[in-house]
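First, one chain by itself in structure tokens, the form predicted on its own.
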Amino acid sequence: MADAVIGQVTDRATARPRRFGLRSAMRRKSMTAFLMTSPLILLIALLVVYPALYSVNLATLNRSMEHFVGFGNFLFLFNRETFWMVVRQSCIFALTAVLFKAIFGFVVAHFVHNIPAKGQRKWRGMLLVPWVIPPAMSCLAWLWLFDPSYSAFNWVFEKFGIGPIPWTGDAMWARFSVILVNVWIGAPFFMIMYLAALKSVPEQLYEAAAVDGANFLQRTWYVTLPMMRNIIAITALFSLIVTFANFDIVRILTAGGPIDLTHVFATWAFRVGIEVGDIPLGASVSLFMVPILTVAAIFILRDINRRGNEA
């Protein structure tokens, strides 16, 4: 009996240094990981955090950037009808573009997913081309397609007896044009994300649904969508942030025209801050995106977290 007690005490004494050694090793690994990622953290701080804080500081100054005006720039914007038109236009542009990108991405992802494995790589490569090409380059090609005098679209429509369409000269068609180009560029991102999510859905679920007599639409609604909801939400959030901050498409295609009716936050901030020369007011315009995107992110992430807790 005494020998057994002595053995237990000896085992505990020898176990303590092992736990301590494991803990210290984990601490060393954490410190090593932190030191290895510190250059990236510093780079993010220099390229993201510092400009963000500097823009906040600029938004509190007057036009000459010599006097502190507090919320004066924001109050000035709230009293301008053009600003609220830009807010409405940005929301319509972002929400509509993200919705259609999600729909087209989902449909194309199903199309590619059902192709035999040998042909999927070719189709994925071709369908990713609009997303891979630099947006400025593809927008220049679209600008030629929308040209009022030499539009390729109008030339085709003329063959069918349809009159020329003022793609960038009319407010409604200009809004349609920038949304169309944004969907064309961004839909492949949704497609590749949804395709990866489809690959992770167990085939047994589809087989069980087929045994129960579910058709394609029912399997999509009751199996595919519930399994992909988190991926759909995260992808939509990322795309919403990028679309709200979009600059090149609107700038190249319409430059905010006609009569400022297609301006979004980024292009109008550039217009006010750089072209007009009121940099603090331009910074105030760009900062107005923050509360809108924060509210959207809170709702989307809270819904994802709620579903995770329920699961």
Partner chain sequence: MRGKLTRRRFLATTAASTALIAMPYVRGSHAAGRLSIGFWDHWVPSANNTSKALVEEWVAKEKVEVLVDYIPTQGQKLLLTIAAEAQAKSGHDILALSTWLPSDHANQLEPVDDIVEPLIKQNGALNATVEYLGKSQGRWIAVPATIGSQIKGPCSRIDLMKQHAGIDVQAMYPAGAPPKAENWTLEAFLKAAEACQKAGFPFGIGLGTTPDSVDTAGAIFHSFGAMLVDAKGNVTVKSDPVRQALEYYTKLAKFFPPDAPAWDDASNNKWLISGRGALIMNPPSAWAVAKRDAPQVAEQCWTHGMASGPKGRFAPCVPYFWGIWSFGKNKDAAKSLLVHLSQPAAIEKLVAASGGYDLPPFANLTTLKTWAEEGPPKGTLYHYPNPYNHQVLSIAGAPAPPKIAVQIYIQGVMTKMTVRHLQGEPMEKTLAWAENEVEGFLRT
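As the structure is a computational prediction, the values presented were derived from the model and not from experiment. Residue numbers count along the first chain shown, from 1.
Keep in mind that the form predicted in complex with the partner chain is not shown, yet the notes after this line are about it.
The partner chain in the model of the complex is approached by residue 54, whose closest heavy atom lies within 4.5 angstroms of it. The shortest heavy atom separation between residue 148 and the partner chain in the model of the complex is within 4.5 Å.
Under a 4.5 angstroms non-hydrogen atom cutoff, the partner chain in the model of the complex lacks residue 173 among its neighbouring residues. Although the partner is absent here, residue 88 lies well away from the partner chain in the model of the complex, with no heavy atom inside 4.5 Å. Contacts between stretch 270-297 and the partner chain, counted in the model of the complex as any heavy atom lying within 4.5 Å, involve 270, 271, 272, 274, 275, 276, 278, 279, 281, listed in sequence order.
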